[in-house]
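This document contains two forms of one protein chain, each encoded as structure tokens and listed individually as structure 1 and structure 2.
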Structure 1
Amino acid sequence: MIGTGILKGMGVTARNFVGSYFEKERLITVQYPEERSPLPENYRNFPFLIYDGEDPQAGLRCVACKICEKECPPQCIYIVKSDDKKPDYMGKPQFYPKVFDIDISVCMSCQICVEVCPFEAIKMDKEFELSKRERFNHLLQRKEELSKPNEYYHGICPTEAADVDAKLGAAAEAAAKKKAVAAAPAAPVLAKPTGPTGSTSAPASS
């Protein structure tokens, strides 16, 4: 009979209308500014720079190797390498980025910079409420705005940050052992670097 199809459809809409009051899966929207659904840990938005220790500028892990600048597909990173070395938070002299800009209006959140960084220095942030008053000065983020402490990284991605810390710790340990072995050549038994991360120790410790 003509019209039954339409009536059936009306039945479906009625079921959804009433159901949205009782069933959670029929109403999945949240009232955004007041209510927020939690962000998954893998969520990514724009990159930021990690520093260790107290001083944001001395503790930057970035050594201005410019790999991320080269690999960035939309070319939104701009780095000027320093001429001199400054001590980092561990007291080791390091090159540092004199300028590190990310134009977040160009960045497309692909996280290739994170993948190619050998120093675990750049990570993806989760802050997404980024509306700014001015396009030219506010969306071009400078080094000072980009630097965030390691604790912040632990706060947004606990699992991943713990993995990174373990990796860096193992690398530093291996490097220290290597150094100790090199300093004491009388112990040939220990000449092999121990631990599976031994081979990656070079960039993290230099």
Structure 2
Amino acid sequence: MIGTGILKGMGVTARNFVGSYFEKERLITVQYPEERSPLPENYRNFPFLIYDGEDPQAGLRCVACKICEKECPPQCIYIVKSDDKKPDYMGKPQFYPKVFDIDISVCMSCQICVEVCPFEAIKMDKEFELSKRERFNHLLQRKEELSKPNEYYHGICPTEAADVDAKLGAAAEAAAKKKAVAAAPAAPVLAKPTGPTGSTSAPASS
């Protein structure tokens, strides 16, 4: 019958309209910005950089490998590598970004930069209130604005952040064990006993 789908849709609308007076779960609208609906953990908007510890310069995970810049489809990431190095989360000297800019007016929130990053340094934020009066430079986020602590990441994505920390911790522990094994002195090799003629003595036959 023609119009059956419309009648079913109107029925759903009517049930939700009447039910909203009795069941709070049926309320769809909220009084924004005073009221805000909670965002799911897998919600994503624009990228940000993670740093460990208190200092965003010393603890920044990014090593300026430029993989995210190369893989970004709209080419909205701009990186300049440093001239010197600093220790990363495993204590290995690494380069770091002297400049790291993201143009959020161009970013398409595809998350490819997150997927290709081998150092878990860039993640997707949930912040969406980023409108500006100007169109150009004010929508260009620089390293100082993009850098956020690991605690912030745990606050918006607790499950994913815990998995990332476990992965990085396991990698750091494996690197420390490998370094300790390499630094340990080699055990001395004992010479085998020799016979009267200087040859190695053979075991006695039964």
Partner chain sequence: MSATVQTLEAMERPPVTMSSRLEGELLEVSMGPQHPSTHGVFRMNVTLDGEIVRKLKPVFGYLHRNHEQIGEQTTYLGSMPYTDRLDYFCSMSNNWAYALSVEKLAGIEVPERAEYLRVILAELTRLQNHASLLGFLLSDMGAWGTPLMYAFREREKILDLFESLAGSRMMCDYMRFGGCRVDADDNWLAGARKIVDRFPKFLDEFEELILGNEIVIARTQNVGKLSADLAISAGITGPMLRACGVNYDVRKVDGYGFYPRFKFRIPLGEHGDTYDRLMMRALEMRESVEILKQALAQIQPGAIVNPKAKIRAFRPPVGEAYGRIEAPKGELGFYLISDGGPNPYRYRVRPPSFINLTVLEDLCLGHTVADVMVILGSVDIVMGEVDR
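Reference numbering: structure 1, starting with residue 1. Basically, rigid core = biggest C-alpha set you can superpose within 1.5 Å across the two forms. Computed from a prediction, not measured in an experiment: that's the story for all the values here.
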Which of the two shown structures is the form predicted together with its partner chain: 1
field: Residue shift check between the two structures, rigid core fit, Ala162 Cα at least 2 Å
entry: no
- request: Kindly check if the Cα atom of Asn42 is displaced 2 angstroms or more between the two structures relative to the superposed rigid core.
  value: no
- request: For Ala176, state whether the C-alpha moves by 2 Å or more between the two structures after rigid core superposition.
  value: no
message: Please give the CA displacement of Arg26 between the two structures, in Å, after core superposition.
response: 6.1
